[in-house]
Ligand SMILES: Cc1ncc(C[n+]2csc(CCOP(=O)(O)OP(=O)(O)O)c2C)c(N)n1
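Only one chain is included here, represented as structure tokens and corresponding to the form predicted on its own.
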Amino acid sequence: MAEIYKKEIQLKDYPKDVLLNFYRTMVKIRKFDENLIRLMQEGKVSGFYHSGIGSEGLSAGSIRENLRDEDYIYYNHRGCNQKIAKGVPLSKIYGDFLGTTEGTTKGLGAGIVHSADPARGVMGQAGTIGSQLGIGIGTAYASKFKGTDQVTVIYFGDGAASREMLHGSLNWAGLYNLPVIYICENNEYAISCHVSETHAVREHIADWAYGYGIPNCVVDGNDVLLMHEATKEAVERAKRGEGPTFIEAQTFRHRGHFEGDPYDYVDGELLKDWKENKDPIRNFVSRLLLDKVTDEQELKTIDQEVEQEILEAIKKAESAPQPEPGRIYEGLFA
């Protein structure tokens, strides 16, 4: 059975600027999300959006202070969280939703699952859920082949974990001892199906990694520092040439599978408990204040700075032009 990752973490072991960087990143992710939902309600963004509110600690903790631009990530279905943590400019992400040339795809309207920023190691997702589990093996293999210390991190949900691509990917990663980290964002629901209804393994999804000889653990994905420490150890393992790691990060989404989903298949009391008692930002703030790392005024200032950054990014994305018709042929080689 997979190990439950535990570690006694003291805030004094972290520099203050690092702790506040975690906080700023989580706030940025949440405010980005809230403002994108507002744009949808105003009729400026169409299509599906899969909110990542509730799991900000997972992305901020695993990416910030752990990954460099040259390290690769393949994000998941709620991947704006990971793109923001990896440093993709907010205007670029908003531009992809608004379909303007400011977007990473310069107006192809990528939305959440088809944008990329290779300069920052954001390699995209794939055409279908879980496909990134296969293509991520490519960059991991390339890093080993070229002898670099680049690490590949593949994010996916508990729903994608039920697809066969996971097993082919794990087999190759284990067989060739690749520098890849699997982070399963287990928020318990694939659309409206609970994880217990879709997986033969009843205890932990991370248990599957045993079959392929891959070290694994289960971690509280809403604890930003615990998530940071677990991923840090996996990154160091990969850089030492010791191969892949599988991390199952447990979290919960505050909203439906997509905007418009009534989310009525989740018990109201359970959702209330996650929101009130396990919110990653709220709990981190309590810890920062309790340990006197900062004060409410400094956190409020960060909130205001992020809000201003968000509004400027939206303005920049909205003011960019729509692409010319010829854009559709750029990058077309067939």
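These numbers were taken from a predicted model, which means no experiment stands behind them. Note that residue numbering follows the sequence shown and begins at 1.
Missing here is the form predicted in complex with this ligand; even so, the following discussion is about that form.
In the predicted complex, K83 stays away from this ligand, with no heavy atom inside 4.5 Å. In the predicted complex, this ligand lies within 4.5 Å of some heavy atom of I191. Under a 4.5 angstroms non-hydrogen atom cutoff, this ligand in the predicted complex has G127 among its neighbouring residues. The closest heavy atom approach of M165 to this ligand in the predicted complex falls outside 4.5 Å. Proximity to this ligand in the predicted complex, defined as a heavy atom within 4.5 Å, singles out one entry of G111, G121, G103, G157, which is G157. This chain is drawn without this ligand; in the predicted complex, the residue among H228, H77, H204, K92 with a heavy atom within 4.5 Å of it is H77.
Contact annotation: this ligand lies within 4.5 Å of heavy atoms from the stretch 128 to 136 in the predicted complex, the single such stretch among 128 to 136, 242 to 250, 211 to 219, 170 to 178.
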